[in-house]
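First, one chain by itself in structure tokens, the form predicted alone.
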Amino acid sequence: MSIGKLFGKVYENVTAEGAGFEGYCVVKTDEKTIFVKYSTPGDVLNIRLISKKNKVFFAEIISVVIPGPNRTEPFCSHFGVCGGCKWQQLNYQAQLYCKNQLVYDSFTRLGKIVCKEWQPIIGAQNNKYYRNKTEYTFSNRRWLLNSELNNETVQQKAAGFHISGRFDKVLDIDKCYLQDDFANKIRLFIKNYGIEKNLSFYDIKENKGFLRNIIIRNSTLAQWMIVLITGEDNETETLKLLEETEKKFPEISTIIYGVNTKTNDTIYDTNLVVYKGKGYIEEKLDEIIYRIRPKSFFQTNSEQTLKLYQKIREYADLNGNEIVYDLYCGTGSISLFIARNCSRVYGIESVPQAIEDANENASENKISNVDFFTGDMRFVFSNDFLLKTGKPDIIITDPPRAGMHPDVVSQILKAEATKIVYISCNPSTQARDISMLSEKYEVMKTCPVDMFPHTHHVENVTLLIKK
């Protein structure tokens, strides 16, 4: 049977097994293995084949015949249409179990890694309203629900998230459970103001329109930031909108705006203007205060970030005399968190803006035993670097999802630190890298941390000790 004829084929009364690839559950038939979105382990389903990618088949649920033991009712009205929070149908304790299993399978099956101690995942006390940053897009091309397709009176203007696979369509969000509900109120106010004043909403195909994006950030110190990005340079309308927003929400600590006429949404090369406040908000983790500016990277779950950093510090087990390398240090948040417990920290990061933030935060916290270096990790972390700074006692590495370049792994092996603490948001690439490091290191402990409830994503911390 050809691939084209397979699509649309229905399988009835099939059972979903454990969550695997990107959170999909697996259905095994006599013919093939099929990945099913929005399913839960133990579900008995009727499914329809919809696509194939790299020899992997995907199906959609027609109906749930018998719910699995951990299936629960999704709490968000946008579930299944919005691309986020894809595990709402799975109760939270089962989510944690699946994430634990994902790490275990990545290490044992992919990396063939022997770990002496598998520590249980650190779950989130708050699995709703946990993010400290959301980004919304304004659009004149709203994604219409099936019930709205033939309704010509439906409002086309939207403020929400891009539909997965449709760059030109935005799902209008009524209520999002990712960030404190105050963020919903801000977004809805600005959207409704734009509709009332007949302001143009961004047209992504034509690359024009006044209201384009809004970034909303907050901290556990009850500080709020909004960054309004317009697609047209109309300062008069911008200032009117911001004045009304400030009146409506005096709780907002700082308001910033900018104009982006490019064809992409990134603001890193956009000139930003401070309308109100200091242009940054602050977050506190233990005794460290971090200034967060509109372009700063900071972990999006502050409460779980504290737990993550405490686990890193526990694994490092510092006595005050160590030289620590912090590879892929970003804005230096881990470096600063551990600096007072060791002799010196050297951080390396490729993004110059991140290093500016790191140095500013070091200065504000009066931390003087940190040095930050900018450049490609492969070239900065060199033999000359080892000679200049002194060999590390401990290496902390927190690379991007793709993991570390083999040259970096090789250099870590040359450095011969006593301990390595490896943090990763992708257990499969982490397992690959640790497998290479196993030449000189044994894996003592690993502990997942749930930074992103209701998704399949997981952060994992692993301790390696030199043999």
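As the structure is a computational prediction, the values presented were derived from the model and not from experiment. All residue numbers refer to positions in the sequence shown, first residue = 1.
Although not depicted, the form predicted in complex with a small molecule is the subject of the following passage.
Novice: Just to confirm, with a 4.5 Å cut-off on non-hydrogen atoms, which of L241, I186, L90, C329 contacts the small molecule in the predicted bound form?
Specialist: If I apply the 4.5 Å criterion carefully, the residue I get is C329.
Novice: Which listed residue (E117, D376, D233, E314) meets the criterion of a heavy atom within 4.5 Å of the small molecule in the predicted bound form?
Specialist: It is D376 that has a heavy atom within 4.5 Å of the partner.
Novice: Though only this chain appears here, would F167 touch the small molecule in the predicted bound form if you measure heavy atom gaps against 4.5 Å?
Specialist: No, F167 is distant from the partner.
Novice: Indicate whether the small molecule has at least one heavy atom within 4.5 Å of a heavy atom of F249 in the predicted bound form.
Specialist: No, F249 is distant from the partner.
Novice: Can you work out whether Q299 and the small molecule are in contact in the predicted bound form, taking contact to mean some heavy atom pair no more than 4.5 Å apart?
Specialist: Close contact exists here: in the predicted bound form, Q299 approaches the small molecule to within 4.5 Å, heavy atoms only.
Novice: Can you check whether V351 is within 4.5 Å of the small molecule in the predicted bound form, heavy atom basis?
Specialist: Yes, V351 is a contact residue.
Novice: Quick check for you: of 382-390, 364-372, 331-339, 167-175, which stretch puts a non-hydrogen atom within 4.5 Å of the small molecule in the predicted bound form?
Specialist: Heavy atoms within 4.5 Å of the small molecule in the predicted bound form occur in 331-339.
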